[in-house]
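Only one chain is shown below, in structure tokens, and it's the form predicted on its own.
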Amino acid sequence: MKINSNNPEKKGRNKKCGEIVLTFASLALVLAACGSSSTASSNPPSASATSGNLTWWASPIAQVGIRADLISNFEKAYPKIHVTLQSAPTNTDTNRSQLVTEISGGSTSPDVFMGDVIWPAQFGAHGLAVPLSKYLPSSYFTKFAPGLVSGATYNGQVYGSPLFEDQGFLYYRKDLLAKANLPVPTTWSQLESESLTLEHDGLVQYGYVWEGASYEGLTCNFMEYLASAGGTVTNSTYTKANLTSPSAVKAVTFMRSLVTSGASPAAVTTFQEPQAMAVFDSGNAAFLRNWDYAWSNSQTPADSKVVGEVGVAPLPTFTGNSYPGYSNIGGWNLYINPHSKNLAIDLTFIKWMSSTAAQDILGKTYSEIPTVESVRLALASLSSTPPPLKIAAQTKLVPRPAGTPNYPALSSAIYSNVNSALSGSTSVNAALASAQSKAATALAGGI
């Protein structure tokens, strides 16, 4: 997911909810060819998993040195296992395309690859990743934060082991709320009302900025409203779309009201992560919905005029529901190449990456959000922990509806039509009817 930082490493691995290029459609012939390929499941891992070699394919992770640090600590724990790092492309779509080409061609390398949280169905359906739940006990998956494993599951099997994650947060101007004697909003209607109050009092130009452009980021934002309204995009088997449900209507009607009321600028329908963050960091908005990296950006003097004035909270919910609302899941999992000759070693590596030692490195040293719930809770109690990591342990997570191999087309059906409703070019009901029709086509395997 391409996103908002000028740091190319940040752009690559943090493609939280950015633009999805429909490369899987163009690779249909390649994928079909690999459907009958043999997988690691026909070759049970050997009893020994304490010596050998493996190759780890991973794109750069934010701060330089994280991958090397993780490898170094793993090799200290398993001195007879050597890990070779293959640096993956920083662009997630290019990364995915290269992996598809290599694995569908039968390559035994890489053994383990770091991949987007929305890949399980796309890779699992075409034999491009090992179903980890065939080799790891159910108890292994219970340690992860709720929502992460369901997002890594396709057709009843878990394909990805959560490595680190991201999610939506509400950023707010502490100084403006103090001047107006307003609390941090906990409901969406309260957020809208406070935005209008701050604007009308002349304290800020815009109330609330977020990602409303016609791209994958809008699907992420929509999921947060939809989940808070009690809705889902599809049924549990991904055979039927639910995009004309009362919950979907409620979600999009409210999103549109943010624009029509003036709580959000009309230009929000063109905003991706960089534009929303830039407006907030320039001091021109009271509230921002964005990912965890927005915190450090807001506290960097070269990029921000609101250093020291920013608070972080869970996203709101709809009135009558329990706070907090839902945060959409971004981030990265670890997957195993089905052609790997080192399955036992691969599993050892993946299990260590979900250990307290590895998750502490990600969280304490590099401020990535850990996926293991106990580590998240422990980090939240430390005074040195950045606000997003403190808040992460309090939030509810919702994955995107990526449990279908045709997720890119499903997401396009959502964001293109929701954007039409936001911009006012189509009514809410007409937009959702169109989304429902296109989603049904996507779920049936069409384009």
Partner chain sequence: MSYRTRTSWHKWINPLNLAVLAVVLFIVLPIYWLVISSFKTPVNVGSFPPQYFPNPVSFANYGSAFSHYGFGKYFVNSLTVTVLSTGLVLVIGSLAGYALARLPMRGKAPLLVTLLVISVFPEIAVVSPLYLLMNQIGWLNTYQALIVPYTAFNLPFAIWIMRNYFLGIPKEMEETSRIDGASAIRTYWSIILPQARPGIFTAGVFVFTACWTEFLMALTLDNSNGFRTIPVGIALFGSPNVVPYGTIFAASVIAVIPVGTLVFVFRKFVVSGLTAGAVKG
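Between two forms, the rigid core is defined as the largest C-alpha subset superposing within 1.5 Å. Residue numbers count along the first chain shown, from 1. Note that the coordinates shown come from a computational prediction; the quantities given were computed from them, not determined experimentally.
FYI, the form predicted in complex with the partner chain isn't displayed, but the following is about it.
Contact assignment for the partner chain in the model of the complex, among Y293, F254, F141, F74, heavy atom within 4.5 Å: After the contact test, the surviving option is Y293.
Counting non-hydrogen atoms within 4.5 angstroms of the partner chain in the model of the complex, say which of E199, E192, E102, E309 makes the cut. Going through each option in turn, the one that passes is E102.
Give a yes/no on whether T94 approaches the partner chain to within 4.5 Å in the model of the complex, heavy atoms considered. Yes - in the model of the complex, heavy atoms of T94 and the partner chain come within 4.5 Å of each other.
Report yes if any heavy atom of F169 sits within 4.5 Å of a heavy atom of the partner chain in the model of the complex; otherwise report no. No, F169 stays farther than 4.5 Å from the partner chain in the model of the complex.
At the 4.5 Å heavy atom threshold, is A278 in contact with the partner chain in the model of the complex? Heavy-atom contact with the partner chain at 4.5 Å: present for A278.
In the model of the complex, does L85 come within 4.5 Å of the partner chain, counting heavy atoms only? L85: contacts the partner chain in the model of the complex.
Residues in which of 359-367, 270-278, 172-180, 236-244 have heavy atoms within 4.5 Å of the partner chain in the model of the complex? Going through the listed ranges, the match is 270-278.
Residues in 53-76 close to the partner chain in the model of the complex, defined by a heavy atom within 4.5 Å, in order: Counting only heavy atoms within 4.5 Å of the partner chain in the model of the complex, the contacting residues of 53-76 are W57, S59, P60, I61, A62, V64.
Classify T395 as shifted (yes) or not shifted (no) between this form and the one not shown, where shifted means its C-alpha moves by 2 Å or more with the rigid core superposed. No.
Rigid-core frame, C-alpha of Q98, shift of 2 angstroms or more between this form and the one not shown: After core superposition, the C-alpha of Q98 moves 2 Å or more between this form and the one not shown.
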